[in-house]
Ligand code: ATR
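Listed next as structure tokens is one chain, alone, in the form predicted alone.
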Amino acid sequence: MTITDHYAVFGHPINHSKSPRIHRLFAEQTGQALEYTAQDVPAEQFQKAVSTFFAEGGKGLNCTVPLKELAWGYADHKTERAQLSKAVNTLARQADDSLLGDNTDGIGLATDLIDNHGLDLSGIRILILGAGGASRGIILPLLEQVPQTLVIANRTVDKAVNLAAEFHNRGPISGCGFDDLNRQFDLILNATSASLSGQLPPLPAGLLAENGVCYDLAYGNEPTAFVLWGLENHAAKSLDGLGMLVEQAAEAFFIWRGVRPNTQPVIELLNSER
């Protein structure tokens, strides 16, 4: 008799989530017996919902907005990347019933950029727009690729400077305000949620280097405002975060199941449906 293991994604709102479909596709591809559902869990109900889920035999959870910081506090142990990002998007039940917290967002981004889009991040100039939780989760994997420089720009300058200072011993990183952007970058990453509503930070002309790449961590059925900005500024590639979504899910799947799915057909399928 095959035992079906239970996994879920918690978030609020959650109806839009592609995660159940992605993990079902991974399970079919790899022959894994699992069930993956989406549950709408407001922040004030998180502790009760997560304890109930694991008490009823759940094996692993993904947590999205606004629960990643709460999951970080709930985890019994954390990986280094989770510790530094101060956010957990993946909880994995261990053999002793303790919960391991990990953050797969950054490795998902790096994998999408390097493996799926053929970018070499070593020695390049990287700019991250925004200094919130989304930025924090991607900094370490980017610095591990040994860029020439990584700059965080934010409306509130102190927030960018303080975030950069937390990673100062990991590589060449600094923080500034949008008004201080006076050089070119080879890769510009939008880690704000503004472009989904058609808004953009005040970005100066000439910010993107020749053959530079733009990448929006957000994604939608239509190009985001930042993806359009990249196209208008002659980016060699202007991408959204759908590939990152699939790759971070694949990393979580690997943590849970010890099997690494092939992401390419899943990304192609989801792109074809937009």
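Remember, predicted model here, so these are calculated numbers, not experimental data. All residue numbers are counted from 1 along the displayed sequence.
This next part talks about the form predicted together with the named molecule, which is not shown.
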Open item on the list: Under a 4.5 Å heavy atom criterion, is residue 131 part of the interface with the named molecule in the model of the complex?
Closed with: yes
Task: Close approach of residue 111 to the named molecule in the model of the complex, 4.5 Å, heavy atom - done: no
Task: the named molecule contact in the model of the complex: residue 71, any heavy atom under 4.5 Å - done: no
Open item on the list: Under a 4.5 Å heavy atom criterion, is residue 86 part of the interface with the named molecule in the model of the complex?
Closed with: no
Open item on the list: Between 155, 183, 170, 125, only one gets a heavy atom within 4.5 angstroms of the named molecule in the model of the complex; which residue is that?
Closed with: 155
Task: Listed residue that, although the named molecule is not shown, lies within 4.5 Å of it in the model of the complex (heavy atoms), from 191, 138, 91, 188 - done: 191
- [ ] Have a look at 102 to 110, 75 to 83, 140 to 148, 156 to 164 and name the one stretch with heavy atoms inside 4.5 Å of the named molecule in the model of the complex.
- [x] 156 to 164
